[in-house]
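Encoded as structure tokens, the following chain is the form predicted on its own, with no partner shown.
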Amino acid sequence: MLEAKNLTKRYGSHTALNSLNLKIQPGEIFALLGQNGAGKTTTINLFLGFTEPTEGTASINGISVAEHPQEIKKYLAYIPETVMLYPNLTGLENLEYFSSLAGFDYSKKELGELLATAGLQSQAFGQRLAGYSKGMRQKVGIAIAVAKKAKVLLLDEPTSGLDPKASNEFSRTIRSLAENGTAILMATHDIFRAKEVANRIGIMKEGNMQSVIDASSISANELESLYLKTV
């Protein structure tokens, strides 16, 4: 569902991403670990079409992102570290607006069910986003991804700033999305969260993928040790 072939991004003499080769299948969660500047966000931005590759290709569902930037948008949803929604609209109104942009026309009942599926409490549906916590905004972002029937979900530091309870809820929700066939690429600093939710984990350093690990084959402590040795 997501594929990078020799994907490279340079800014002058600086190589932000160097010849990345990666495939992520439907229903798979792939976590990218690495320090700031390792190439995680660059990778996500290339899949989003926010920046063009210097060399190589990023593709979604077999479609080149650089060649067909509008077409690939119907397949994906993106949740950044800070979800950008309209603070003066309610959770329900934000979901209604963004799902309508994607061509969907849901009833109020259906919108409420989508928010509930994402884990948002019903009493918050009619409250303005200005009063939401970060975790609540993340849930609206997930509801939008579900409403768009996104086959690909890109996450950039999604649990940064969340308390443990909100992080656990977030993990359960994205695992549920993966079980329904969504391919998920998640950039994170959270080693233990990556181990908990991902099928595979990639460790990046200075634009290079240093190692790719099957999450079921390694303990959290072993992963932490490998990460520290790598970075």
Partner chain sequence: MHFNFITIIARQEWASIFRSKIPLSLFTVLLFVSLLATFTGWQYVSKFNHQQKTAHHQVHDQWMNQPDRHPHRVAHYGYMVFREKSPLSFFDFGLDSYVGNAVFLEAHRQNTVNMSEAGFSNGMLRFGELSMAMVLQLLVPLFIIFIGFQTVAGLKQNGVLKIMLCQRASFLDILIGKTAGITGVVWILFLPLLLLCLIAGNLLIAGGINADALLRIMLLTILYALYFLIITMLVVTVSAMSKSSKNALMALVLIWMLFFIVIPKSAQTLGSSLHTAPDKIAFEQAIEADVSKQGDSHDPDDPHFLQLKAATLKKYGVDSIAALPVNYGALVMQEGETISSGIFNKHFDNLIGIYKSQNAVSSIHGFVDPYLAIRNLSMNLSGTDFDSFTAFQKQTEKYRFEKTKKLNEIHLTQIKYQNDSKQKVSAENWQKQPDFTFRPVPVSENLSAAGLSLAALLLWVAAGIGALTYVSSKRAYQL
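Numbering follows the first chain given and starts at 1. Predicted model, so just to flag it, every value in this text is computed and none were measured.
Heads up, the form predicted in complex with the partner chain isn't pictured, but that's what we're talking about next.
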- prompt: Does every residue of S133, T159 and G161 put a non-hydrogen atom within 4.5 angstroms of the partner chain in the model of the complex?
  reply: no
message: Please tell me whether any heavy atom belonging to N88 falls inside 4.5 Å of a heavy atom of the partner chain, as the geometry stands in the model of the complex.
response: yes
field: 4.5 angstroms heavy atom contact with the partner chain in the model of the complex for G49
entry: yes
- request: Check whether V83 has any heavy atom within 4.5 Å of a heavy atom of the partner chain in the model of the complex, and answer yes or no.
  value: yes
Partner proximity in the model of the complex: Y97 to the partner chain, non-hydrogen atom cutoff 4.5 Å: yes
- prompt: Pick from 179-187, 200-208, 166-174, 41-49: which stretch has a heavy atom within 4.5 Å of the partner chain in the model of the complex?
  reply: 41-49
Contact set, 123-152 vs the partner chain in the model of the complex - heavy atom within 4.5 angstroms: R128, I144, K148
